[in-house]
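Single chain ahead, written as structure tokens, the form predicted on its own.
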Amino acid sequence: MRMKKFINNPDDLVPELLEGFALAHQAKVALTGNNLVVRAAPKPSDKVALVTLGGSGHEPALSGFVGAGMLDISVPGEIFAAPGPPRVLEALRLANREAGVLFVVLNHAGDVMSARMAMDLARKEGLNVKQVLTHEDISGGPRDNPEERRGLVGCLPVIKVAGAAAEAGRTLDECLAIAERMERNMATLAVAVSGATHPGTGDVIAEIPEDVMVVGMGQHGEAGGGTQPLKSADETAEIMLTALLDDLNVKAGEEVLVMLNGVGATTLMELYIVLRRVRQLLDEKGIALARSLVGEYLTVQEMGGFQMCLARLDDELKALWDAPCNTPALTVS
């Protein structure tokens, strides 16, 4: 597959995309320091700040979650690569305040390594920072072995509820507890039907035959799970939802959030058809679809497929999910 993308010099790809991103959303975000994405209107210093890091190329994530009610700072790395610890530490210093900083990290080797080194340095400087790690991809291994599970689009609900708690003036420990509760009660599974190319190199990330789908595909085209013949929307919805319900042990009478995240080339038409079947299956099991979200939030360039994230909700998490936010990728009024 030959890469066809509107880019300039690959070496300038990330700074150019960040410049354009900030221009497109200048009422919500700005660039500062060493290309850190920050809120255009800073949060009051007596409220907990939220910081995250991650590779570029997954737009709108993760910088698209910066804004009122969600993140205060995003540290974007190079394409599909974690930023180095010095830039992460720069962000933690910038966010530091008496109320504290909640540091949201997705479980990928590079992200975790940079986060660990930055946290060590932050502690030596006396910064008031606590970390939550998201690892909800069920294809990585069993629930009792979370370190093997990758962080996928489940970072969004974690950031959403923790960000709402921070805006409401909750303490750092309370924001951390809310983030961890959401993280424990969610699960994600991805399916891919076509691969993508690396925009910086033109290399093919994954090659998938025409009549095949891969259930358990990772965020960067990594395998996990297995291939099977391409199924219909209804059949795919049932395969994925069944696995997620089993993993979370969701029972009749409970309420859930279902998020369908297109990863680049799958249309909203397809995602809406899948959600329709998800609702039917949940109704059959006596499980309430309390909230749903469909769109592209964490992508893999032009990869075809989607991630299904299922989260068990309680009254507090529902209220925090419904709380106002104003970011480039998600607005709740």
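Everything numeric here is computed off the predicted structure, so don't read it as measured data. All residue numbers refer to positions in the sequence shown, first residue = 1.
One more form of this protein exists, namely the form predicted together with another copy of the chain; it is left out here, but the text below deals with it.
- Of the heavy atoms in F21, some are within 4.5 Å of another copy of the chain in the predicted complex.
- The shortest heavy atom separation between E316 and another copy of the chain in the predicted complex exceeds 4.5 Å.
- Though the partner is left out of this view, K231 does reach within 4.5 Å of another copy of the chain in the predicted complex, counting heavy atoms only.
- Shown alone here, S292 lies within 4.5 Å of another copy of the chain in the predicted complex, counting heavy atoms only.
- Figure note: of the listed segments 211 to 219, 152 to 160, 165 to 173, 243 to 251, the one touching another copy of the chain in the predicted complex, with heavy atoms no more than 4.5 Å away, is 211 to 219.
- Residues G264, A265, T266, T267, L268, M269, E270, Y272, I273, V274, L275 of 252 to 275 are found to place at least one heavy atom within 4.5 Å of another copy of the chain in the predicted complex.
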